[in-house]
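Okay, here we've got a single chain as structure tokens, the form predicted on its own, with questions on binding and movement later.
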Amino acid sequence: MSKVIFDCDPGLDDAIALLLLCQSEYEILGVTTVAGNHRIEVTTKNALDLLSFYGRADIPVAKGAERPLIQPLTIADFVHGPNGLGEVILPEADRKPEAVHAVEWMKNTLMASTEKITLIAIGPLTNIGLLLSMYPEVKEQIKEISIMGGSTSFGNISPVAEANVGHDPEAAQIVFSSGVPIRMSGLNLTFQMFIQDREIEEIEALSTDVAKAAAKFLWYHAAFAKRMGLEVDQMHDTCAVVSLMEPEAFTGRMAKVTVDTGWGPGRGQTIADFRALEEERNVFIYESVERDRIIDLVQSAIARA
């Protein structure tokens, strides 16, 4: 059974991604939190409460970076609601965060492992950037990093920058240039991984507590998408999880990826060079997904929960 560490900033789509991971065959060693969709206190509380709600209160949670490496923190409560989980109020978890910072916790966990560990990162890459900068020896312990972030097409916080990378471009550049194998689910992919209203209704109709909460997460996120002029909602963070669970449903190719860390209009852009020499290509970029197959997986996982 493959071992994973889940780095996140819950977050509505984070909540769905975490649910899918909890229903997978992966051994979740821990969840680390970062500020992004909301402040660190909120994302950490949400991670604890979600794990308890999903019946996985045994999984440790370590609180991480409260702000980006250089630029000021901006949060997306206008997307995810005042508590980060839309209109869902979860029972408060009994468990508290680990006593050490998420970066220290990840280092300790990685170095103690007898096998390589996969990192799944679906928020700003601050924790991972700090980890790789402070403790480069952990690189040998990381199997790969599956990221929801970046784009080879358009941005969502600027014309070219995706939110997770754009919220901490310096950290993202550290990660992309680290030499660790990286799989990138960017906006060019995640906009293909949409969910329709009738499919949310099918989840809601399952009528379990988890299914009703999942539907509320999806409805709230969908309402924001529709305010932005989109007809359907995108399941962004889900892609970083299900691309590992169902790799045959995704296609992509290697490229050399760098992040614009300047202060001009391109800040936060992930620049993908598919023409680069083979030895220079550092990221596997997903480009297409069998959407219907993944929706079936999502609905089945929620039905089991």
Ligand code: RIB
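Start at 1 with the first residue shown and count on from there. Small disclaimer: the values here were computed from a predicted structure and weren't measured.
Here the subject shifts to the form predicted in complex with alpha-D-ribofuranose, a form of this protein not shown in this document.
Contact annotation: residue 118 falls outside 4.5 Å of alpha-D-ribofuranose in the model of the complex, judged by heavy atom distances. Contact check for residue 236: a non-hydrogen atom falls within 4.5 Å of alpha-D-ribofuranose in the model of the complex. Residue 128 falls outside the set of residues with a heavy atom inside 4.5 Å of alpha-D-ribofuranose in the model of the complex.
Contact annotation: residue 156 falls within 4.5 Å of alpha-D-ribofuranose in the model of the complex, judged by heavy atom distances. A heavy atom within 4.5 Å of alpha-D-ribofuranose in the model of the complex is found for exactly one of 195, 163, 160, 182: 163. Remark: none of the three candidate residues (175, 260 and 282) comes within 4.5 Å of alpha-D-ribofuranose in the model of the complex, counting heavy atoms only. Contacts of stretch 1 to 22 with alpha-D-ribofuranose in the model of the complex, defined by any heavy atom lying within 4.5 Å, are made by 9, 13, 14, listed in sequence order.
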